[in-house]
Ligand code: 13P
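Listed next as structure tokens is one chain, alone, in the form predicted on its own.
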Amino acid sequence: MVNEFEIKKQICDIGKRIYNQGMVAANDGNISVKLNEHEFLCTPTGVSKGFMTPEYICKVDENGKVIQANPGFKPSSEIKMHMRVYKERPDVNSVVHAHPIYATSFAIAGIPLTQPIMPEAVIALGCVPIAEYGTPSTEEIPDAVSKYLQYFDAVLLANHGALTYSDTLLNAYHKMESVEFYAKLLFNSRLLGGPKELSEEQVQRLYEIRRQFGLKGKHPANICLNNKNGEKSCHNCGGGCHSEAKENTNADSDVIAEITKRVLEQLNK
């Protein structure tokens, strides 16, 4: 069994990764790891995730109350969000919150990541909906995230960032990387005239591959919020897993088309 000090070192390493990849700025973001049902390690508030050392890391209980923290350090104010994930997803052992540029841009624009554009994203991530806006450090964000926890392993936070969670710290981080990579590809493909999406049949075949692999976590291949309501799967719903998404997606496409047109006009002068 890995001891607490090693886990603290791993948290610091992941903190450096998200900082070095530009997924957070200044003191943004937070990371946590579940030790057992009553003890959790988490990053402190007010420090850069790129420059942490093990003594920075705090220990809290399932209510977010401090069990141990060195002088000058206290848990992130977002610990409530992490605790809600652990409470409602017993299979989760780590949570990562960051502000990756492309994914957060989609969150700000109100556009969920639902378009099936590459097999790896469909199999590994599923869809990434947007949880409604909530005031940081309050119960508003945990309440907004809660409704998506049983269906997805990654969620965009409206006007805020992204949240990923998994059975290990490394897997939770990898999901954050995948969300950002997916968002970047989707953004760039829209600039090139729009992505050519995989068909519903192709998506369903990829879902079957995921089921055959026996991959862990929540995913539309196993339980889909839309299918449960008798609608198309999330990957073919046109953003239906977020109530405002369809209208915003259409508006966004029009804006991108107009910008692209003007840029081409300038280049051809």
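Just count from 1 along the sequence shown to find any residue number. Please read all numbers here as calculations on a predicted model, not as lab measurements.
Beyond what is shown, the protein has a form predicted in complex with the ligand; the following relates to that form.
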Since the chain is shown here on its own, which stretch among 197-205, 56-64, 210-218, 43-51 would lie within 4.5 Å of the ligand in the predicted complex, judged by heavy atoms?
43-51
Glu39, heavy atom within 4.5 angstroms of the ligand in the predicted complex:
no
In the predicted complex, Lys175 touching the ligand (heavy atom, 4.5 Å):
no
Spell out, yes or no, whether the shortest heavy atom distance between Asp153 and the ligand in the predicted complex is within 4.5 Å.
no
Given that the partner is absent here, does His160 sit within 4.5 Å of the ligand in the predicted complex, heavy atoms only?
yes
Quick check on this chain: which one of Ser77, Ser105, Ser189, Ser146 has a heavy atom within 4.5 Å of the ligand in the predicted complex?
Ser77
Counting only non-hydrogen atoms and a 4.5 Å cut-off, give the residues of 18-46 close to the ligand in the predicted complex.
Asn27, Asp28, Gly29, Asn30, Pro44, Thr45, Gly46
